[in-house]
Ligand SMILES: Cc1cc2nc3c(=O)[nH]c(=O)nc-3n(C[C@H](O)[C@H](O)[C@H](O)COP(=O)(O)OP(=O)(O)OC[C@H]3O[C@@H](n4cnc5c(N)ncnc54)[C@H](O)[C@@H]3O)c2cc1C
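The form predicted alone is given below as one chain in structure tokens.
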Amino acid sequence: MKNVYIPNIVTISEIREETPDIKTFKLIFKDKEAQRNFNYKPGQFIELSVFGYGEAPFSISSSPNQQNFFEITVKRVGDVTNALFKLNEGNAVGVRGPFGNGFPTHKFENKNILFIGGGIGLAPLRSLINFILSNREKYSELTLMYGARTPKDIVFKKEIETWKKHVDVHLTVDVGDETWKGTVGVVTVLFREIEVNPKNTVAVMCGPPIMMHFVTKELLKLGFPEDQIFLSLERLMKCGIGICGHCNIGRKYVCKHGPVFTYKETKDFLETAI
């Protein structure tokens, strides 16, 4: 049996700059069999090691349908991410996982889906959006509400333009500039721009805790059932399998029982308590 604490070696095959402090890393396992066996669901995460600096969790931002590689989208915030940003294409890192439960896409079939993201929180939603677009016939209307701090902080800019062909996209920024002609304000202002029927719609979101708190509040006002609101929570996850206790919230371990929860499961948690 493979030791879950020992990382596989992967190669950085491509690095794309999304914003001044966010990059997407395309990763390929050195072991071809390990690459073939690397199956994941949208919303799951990996633990990535930058050798000599440490290990940190990152959501997988690519669709599971892309089986010859996978991608993570990373914001530079600490020692591990600073070290990762100094690496080049061709360098090696370690990967454990995938971990967590992911989004229950089978429960979304034949429903409208409202995606709500804030900042780097669009990364796990990107995995879900692209997975759903590759199985488009199974799902009904798709709507995206996404907010970033400034226009420069919007991630996946080119991809968002592609999504607009299939998804009703609504964007906002906290602070605009001379180039920005769109909505200004926190992501909840975008509720004014959409019409949504909660009876046949699931809402999925990821972003800063304060954003998810107020978005959840709005969704409940609109009549969304508590079990039709799905959230991807973030915690400092270490072991990835619910042993070390770093990501404990009450009786839950985000790495093991999440990171995807329904609001019904999390309504007593700090992030979403109303």
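Numbering starts at 1 and runs along the sequence shown. Because the structure is a prediction, the values reported are computed rather than measured.
What comes next is about the form predicted in complex with the ligand, which does not appear here.
Of the listed positions (123, 114, 128, 187), a single one reaches within 4.5 angstroms of the ligand by any non-hydrogen atom in the model of the complex, namely 123. The partner is absent here; in the model of the complex, the one residue of 201, 172, 73, 105 having a heavy atom within 4.5 Å of the ligand is 73.
Stretch 73-81 is the answer when you ask which of 163-171, 145-153, 193-201, 73-81 has residues with heavy atoms within 4.5 Å of the ligand in the model of the complex. Shown alone here, residue 40 lies farther than 4.5 Å from the ligand in the model of the complex, counting heavy atoms only. A residue is said to contact a partner when one of its heavy atoms sits within 4.5 Å of a partner heavy atom; residue 58 meets this definition for the ligand in the model of the complex. Taking the partner from elsewhere, residue 219 is found to have every heavy atom lying beyond 4.5 Å of the ligand in the model of the complex. At least one heavy atom of residue 233 is located within 4.5 Å of the ligand in the model of the complex.
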